[in-house]
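Two forms of the same protein chain are encoded below as structure tokens; each is given separately, as structure 1 and structure 2.
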Structure 1
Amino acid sequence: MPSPGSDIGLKAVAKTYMTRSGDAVHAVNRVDLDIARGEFVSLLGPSGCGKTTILRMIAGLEPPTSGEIVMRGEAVWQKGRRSAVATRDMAMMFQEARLLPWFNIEENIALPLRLRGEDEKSRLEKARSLCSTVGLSGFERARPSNLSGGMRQRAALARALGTEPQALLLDEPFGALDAMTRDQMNIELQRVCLARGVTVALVTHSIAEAVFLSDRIVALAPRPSRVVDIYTVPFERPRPVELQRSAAFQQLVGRIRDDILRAAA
């Protein structure tokens, strides 16, 4: 049973995909995880180990083969169907930006607000202020195809933040960003999440990014994924960029890297 302060709870969650040719792909073996309210947890693991699958199961996009997923006491999957109540206050940011080409940037960002019935004036106002939050001022009316990959990801982040979700599921959100912009976005993400007390599950390939952002880091084994290690990051949030240069920070990054290399060997 998840603890009382738990926001997202995974209990013995496993996922086996059946391919068209009838082969079984064991993507997730057995994951137990509790993410507390307002906690920032990163999932770290090699490519193809099932990180996206885990986020999709939490978001109610992929039913687990077995096990249970709970969001604030409400099961995400009920009799194989996604629960609208459990997933209501989640926002998922996909590995690809997934902006719709028939909307411009502000319309894309305003889309979830529109789907909640917010009127045009107020949702576009919010979208514009989100644009400036993620550094896209001046591109409000641009078409997604005219933006760089990194800019599109930032627009997708703005869209995910728009509804003020209680839980954010981020699938490698900053993979296409340069190191400088990535730092900026991480600072911004940290600020927004702390200000609103958002619970975050972040998938990343960057150990440094995971250490910088997270309260805890979950290291996953190669497919089928299972939790091999959970690291608690001792630094107080919010964290300044300079923290990344400190010895303690570097040491933790090094330790996690060594563990992962050892596990892979």
Structure 2
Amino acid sequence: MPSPGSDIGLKAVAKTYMTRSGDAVHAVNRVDLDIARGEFVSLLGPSGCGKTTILRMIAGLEPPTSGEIVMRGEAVWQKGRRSAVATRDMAMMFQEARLLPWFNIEENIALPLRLRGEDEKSRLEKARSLCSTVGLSGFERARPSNLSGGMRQRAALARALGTEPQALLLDEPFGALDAMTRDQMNIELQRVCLARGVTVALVTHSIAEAVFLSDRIVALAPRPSRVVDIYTVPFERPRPVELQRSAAFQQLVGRIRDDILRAAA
């Protein structure tokens, strides 16, 4: 069993895919991980190492081949089926905003609340408040096509927060943005998560992004994915973007990069 005090717990989680030719592909190999309530943890490793697969198993989007995943004491997977109770208080954000082009921004943000049966007045009021939270005031009635990539991701973040999730799962949400917009979004993400006390698991290729945002960083080996090291990030919050230019920050980034390269060799 994962630790009883964890918000999200993985115990001996493994995943094997079968190819069309009948070959077995071992994507994840017995991962153990506990994420505490309100903690921000990043999964870091080379492309194809299984980071997104781990996140999707936590989210209830695909089942593990073996092992156990728990959200606040409730098994996410029960007899091969996703538990609606365990996953109800999770939200996931992807690299693409995935906004519906025929809805305006407040309607997109309110969509999960609509699917939960919340009345129109209440859900739109919450959507407008979330627009303010993520810096989109004045764009509530805009269509996604009229917004920049960074603004669309702000809307996607607001949508993910709309159901007041206890856990936020992020799959490279800012990977397609330019460097300056990515920095702005990381500042915004840090601010919102600190204010709401939400538990976060982030998949990223960027070591600097992981160090800037995380309480702990989980370094993963190439496929089949396994935990090779876990780093505690010592910097106080909130963290200004200028922190990234400090010697201590760069030293930690370099250390993690070297360790991952050695694990991949």
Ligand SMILES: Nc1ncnc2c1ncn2[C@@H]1O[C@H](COP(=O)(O)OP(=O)(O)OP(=O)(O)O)[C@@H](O)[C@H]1O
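For residue numbers, the reference is structure 1: its sequence is counted from 1. From a predicted model like this one, the values you see are computed outputs, not experimental measurements. Whichever C-alpha set is largest while still superposing within 1.5 Å between the two forms counts as the rigid core.
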(message) Between the pair I just shared, point out the form predicted in complex with this ligand.
(response) 1
(request) Would you pick which one of 233, 70, 49, 90 lies where the chain hinges as its rigid parts rotate between structures 1 and 2? (result) 90
(request) Enter the domain rotation angle in ° for the smaller rigid part relative to the larger one between structures 1 and 2. (result) 14
(request) Can you read me the CA shift for residue 123 between structures 1 and 2, rigid core superposed, in Å? (result) 2.7
